[in-house]
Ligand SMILES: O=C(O)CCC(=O)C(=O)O
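The chain below stands alone, shown as structure tokens; this is the form predicted on its own.
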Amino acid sequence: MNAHPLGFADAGDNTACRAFLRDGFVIAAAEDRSSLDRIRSHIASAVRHHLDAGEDDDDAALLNQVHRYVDKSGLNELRLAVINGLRAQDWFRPTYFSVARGLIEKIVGNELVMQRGAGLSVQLPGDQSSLLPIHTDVWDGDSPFEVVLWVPMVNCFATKSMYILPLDVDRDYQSRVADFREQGSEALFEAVEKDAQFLKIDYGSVLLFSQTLMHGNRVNEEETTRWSINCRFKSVMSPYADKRLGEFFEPISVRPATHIGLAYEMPGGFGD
């Protein structure tokens, strides 16, 4: 008889865990709103400094309307300035983790590694240069044991958000992906479009999803700009793929028994 997938999880864990097992993703309120606000405030300050504009806008208005100050020709330079500035802050990674720590520990475990460099997506209205074709990260060499914490810095909805295929329909389509090898990713998206969910995630909420699911984005047809940060987490002892510990991932919570176990060397004379 197979063990129950939730094991001994208590009732408080069940809602998020069951949603993740059912859909492959879960949306929840940020657990530390002050940390989230700190990150967004830093982003907005970096934008004001880089563009020398937006001093009269509050943080939300500036990020939503940043296309008033920059076009697609200057977008990547702005994006790199912002994300590199964040990565340089000692407080950023633990602060980002704190936004969804409890959720990640429920879904993944409490011995964790975290992606060393978080990613930032900025998608201007009508910009076709910032598209992410339908994919799973596993197809590009990531471990199926990884999850992505996707945190919007503005309200995201419809084409201003990302789309994802829920677990049940995703597995059906993935079993037929080879049929689209010659037609390409756009033909694959057209096949799954009716089942793809564009997620509504307001600022103050987070998305945690399995990157085994097919996902991507389309041209932002809304009137405001999308800003979101993404970062991968996985259990420290779960299998790795191309993204290795110490290169792509860094341990952030390892328990004493694991430290001792990893350092242990069997003495000579056994099994000789």
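Note that residue numbering begins at 1 and tracks the sequence as displayed. Quantities reported herein were computed from a predicted structural model and do not represent experimental measurements.
What follows is about the form predicted in complex with this ligand, which we do not show.
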- Note on the structure: In this chain shown alone, the residue from 87, 176, 200, 135 with a heavy atom within 4.5 Å of this ligand in the predicted complex is 135
- Task: Find the only residue in 82, 107, 113, 162 having a heavy atom within 4.5 Å of this ligand in the predicted complex.
- Result: 162
- Choose from 57-65, 226-234, 22-30, 39-47 the stretch whose residues reach within 4.5 Å of this ligand in the predicted complex, heavy atoms counted. 226-234
- Quick one: does residue 155 come within 4.5 Å of this ligand in the predicted complex, counting heavy atoms only? no
- Do residue 121 and this ligand share at least one heavy atom pair within 4.5 Å in the predicted complex? yes
- Query: Is there a heavy atom of residue 217 lying 4.5 Å or less from a heavy atom of this ligand in the predicted complex?
  - Reply: yes
- With a 4.5 Å heavy atom cut-off, would you call residue 148 a contact of this ligand in the predicted complex? yes
- Task: Enumerate the residues of 197-212 that have a non-hydrogen atom within 4.5 Å of this ligand in the predicted complex, in sequence order, or give none.
- Result: 209
